[in-house]
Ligand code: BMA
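The chain below stands alone and is given in structure tokens; this is the form predicted on its own.
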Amino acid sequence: MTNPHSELFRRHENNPILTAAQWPYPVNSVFNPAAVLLPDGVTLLLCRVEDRRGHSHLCAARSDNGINGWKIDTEPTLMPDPKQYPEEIWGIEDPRITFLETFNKYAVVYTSFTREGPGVSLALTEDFYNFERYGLILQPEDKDAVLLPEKINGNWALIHRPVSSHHSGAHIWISYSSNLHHWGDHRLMLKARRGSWWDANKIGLSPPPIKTEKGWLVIYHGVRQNAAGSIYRLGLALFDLNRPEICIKRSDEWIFGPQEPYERRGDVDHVVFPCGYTIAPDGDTLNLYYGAADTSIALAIGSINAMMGYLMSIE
């Protein structure tokens, strides 16, 4: 290679691993999946599925190896319910999954497309067939949200990306709650940079943070605006375990971006957007599931140790 860069992720040779052509009912596109490794070793992806109205719902796909042989629910797993939850009038999108040991349930945090823009909603489930919906927990405009798996100083912690007139750009925040319903103590966690940076003006959380001995390892996305549109790429940051609003390290360069045809051309060009991962039994291998160009789902394999080594080498 005449122009080498640090390669922290390897794309799977079968990419894209899921497309609309595999769906058991008519859809336009499948992308931005949450991911979880179930107790029986099955990989479950909770996929964002868009129909030809432009509205999205969530549908589960299961695989014994997380690569192929997917068994896809024959009907939507979680549909918008605008009669009971009017904030879901234009669909539900981009889920993230966290296992809450306190409840012995999975928390699914997702975006509801309200009349006022995107808002943050929450549902709990034990089996991904039955869901206990909490409804809207953060008002528009807000998205890219996930619960931390454990309480911080006695309270639940929610990472999210609000947009308001009080702060230029779109930044990552963290908020706290005692009951999962009412959120406050909002704190700025990571600011989008300014100027010509790859993550200038607009950033957001991608998959759930990874707990390590040195802190919460976060893969986040940054959006570069140019004359041709937007480019969605990924960077790394590390946050204090007990005070996660404190950033310890942050990558200057992006570590993963659109380069393959299925990432560069689609309903939205030049997008890699992960909402979930699974960790292999070795505790290090990370299987990162991402939406490619808002059209299909792809897989990249990385190492938690390698990502931590990359971050810790930054001065």
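The structure presented is a predicted model; accordingly, all values stated were derived computationally and were not measured. Numbering starts at 1 and follows the sequence shown.
What comes next is about the form predicted in complex with ligand BMA, which does not appear here.
For the options 94, 199, 87, 142, the residue carrying a heavy atom within 4.5 angstroms of ligand BMA in the predicted complex is 94. When ligand BMA is considered in the predicted complex, only one residue from 44, 59, 271, 288 comes within 4.5 Å through any heavy atom, namely 271.
Residue 232 belongs to the set of residues with a heavy atom inside 4.5 Å of ligand BMA in the predicted complex. Annotated contact segment (heavy atom within 4.5 Å of ligand BMA in the predicted complex): 271-279, selected among 271-279, 61-69, 252-260, 34-42.
Applying a 4.5 Å heavy atom cutoff to ligand BMA in the predicted complex picks out 48 as the lone residue from 40-56.
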